[in-house]
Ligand SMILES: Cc1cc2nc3c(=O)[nH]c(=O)nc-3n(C[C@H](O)[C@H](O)[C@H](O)COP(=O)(O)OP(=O)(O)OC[C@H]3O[C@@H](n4cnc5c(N)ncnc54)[C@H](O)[C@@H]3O)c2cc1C
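Let's start with one chain on its own, the form predicted alone, as structure tokens.
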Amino acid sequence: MATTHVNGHPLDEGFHVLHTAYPTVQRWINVASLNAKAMDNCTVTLNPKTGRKRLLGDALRSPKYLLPTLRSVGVGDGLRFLKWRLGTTAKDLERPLGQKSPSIAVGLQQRRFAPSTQRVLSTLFAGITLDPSLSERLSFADFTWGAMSHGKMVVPSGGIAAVPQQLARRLKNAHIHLNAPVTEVGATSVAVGEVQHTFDRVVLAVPQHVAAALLPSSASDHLPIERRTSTVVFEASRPPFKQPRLLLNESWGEPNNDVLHVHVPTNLHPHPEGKHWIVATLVGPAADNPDLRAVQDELKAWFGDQANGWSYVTTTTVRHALPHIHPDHHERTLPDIEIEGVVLVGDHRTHPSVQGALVSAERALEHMGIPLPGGVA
């Protein structure tokens, strides 16, 4: 969850939103103090070949999206969306994760969505999981669908990094050492280069691939598979659309269609100079050294001649952005909290989300007999 700054204005590395429906976010994060604004309760898809757009919205919370959604997907898929929506519960978002389920790719077919709707949902969840193969569990898609249904997707004015920064400010009597590469960990020791440090307990709270390198036995059946994403950012004097929402590519994955979706973060938090940023997201192999000219050509197909006047700002790349959970795993968490005496924390011990990361932290505190702090800052 990182944010860089371009000419003093925050720009997230990768696409990020914070789900207010997550129970751990409600327990740990003071969302109001983040000056966060919400994305629309809908997504728009674009067919670059025809220029046709379709809207898919949450009609239960925003009735104005009912007819546009039905026109986009038809009554049959509209009822399937409603059934999916009514099958979620705000009281226990993670309930689906304790049940056996197929992969997202197989599950969307089993739910009998029309091929055109499956294509949209496949693109949506490829962006959420950063997994073009959609091998993640369908139960995780159900969990995410519940979070989108029962809360808002918000973006802090200072960028997504404001979330971990808020948590860090709550630390007391802590010493944080940056740029100190750890070479070895044990139940009571941490090696930084040639120097060994001794502690009462060691908690390893790192990404999945780092945990696997320091504690190979932690990987077991859940071997790290790199989930990567890049964003290519352009600047314009006016936005291609004014709503705070995603524009999904219905032809994503076809030749010359590497841009998964586009959003305009300055629609939520305006640039101080009145400029607009257009952010194109890529995942998987396309995220490796994105071809700037190819991305520009794609956006010209999306938005026409106005894209010729956009100037390139920067490219952000996030490697190992999300963990890989084996698709045959059907529990809310991985069973082991300790491995070789080291306490493990991270979304790779639960599921790939902010909720998963914070649940893992709470689980570790309870395991060590440390009371959970009450309230938020």
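When you see a residue number, it is the position in the sequence shown, counting from 1. Keep in mind it's a predicted model, so treat the numbers as computed, not measured.
One more form of this protein exists, namely the form predicted in complex with the ligand; it is left out here, but the text below deals with it.
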Among the candidates 182, 106, 225, 203, the residue which, in the predicted complex, approaches the ligand to within 4.5 Å (heavy atoms): 182
Heavy atom distance at most 4.5 Å to the ligand in the predicted complex, all of 42, 121 and 244: no
Contact label in the predicted complex: residue 229 to the ligand, heavy atom within 4.5 Å: yes
Interface membership of residue 210, the ligand in the predicted complex, 4.5 Å heavy atom rule: yes
Residue 346: touches the ligand in the predicted complex, heavy atom cutoff 4.5 angstroms: yes
Non-hydrogen atom contact residue 322 with the ligand in the predicted complex at 4.5 angstroms: yes
Option from 30-38, 45-53, 313-321, 326-334 whose residues, in the predicted complex, bring a heavy atom within 4.5 Å of the ligand: 313-321
Sequence-ordered list of residues in 10-25 near the ligand in the predicted complex, where near means a heavy atom within 4.5 Å: 13, 14, 15, 16, 17, 19, 22
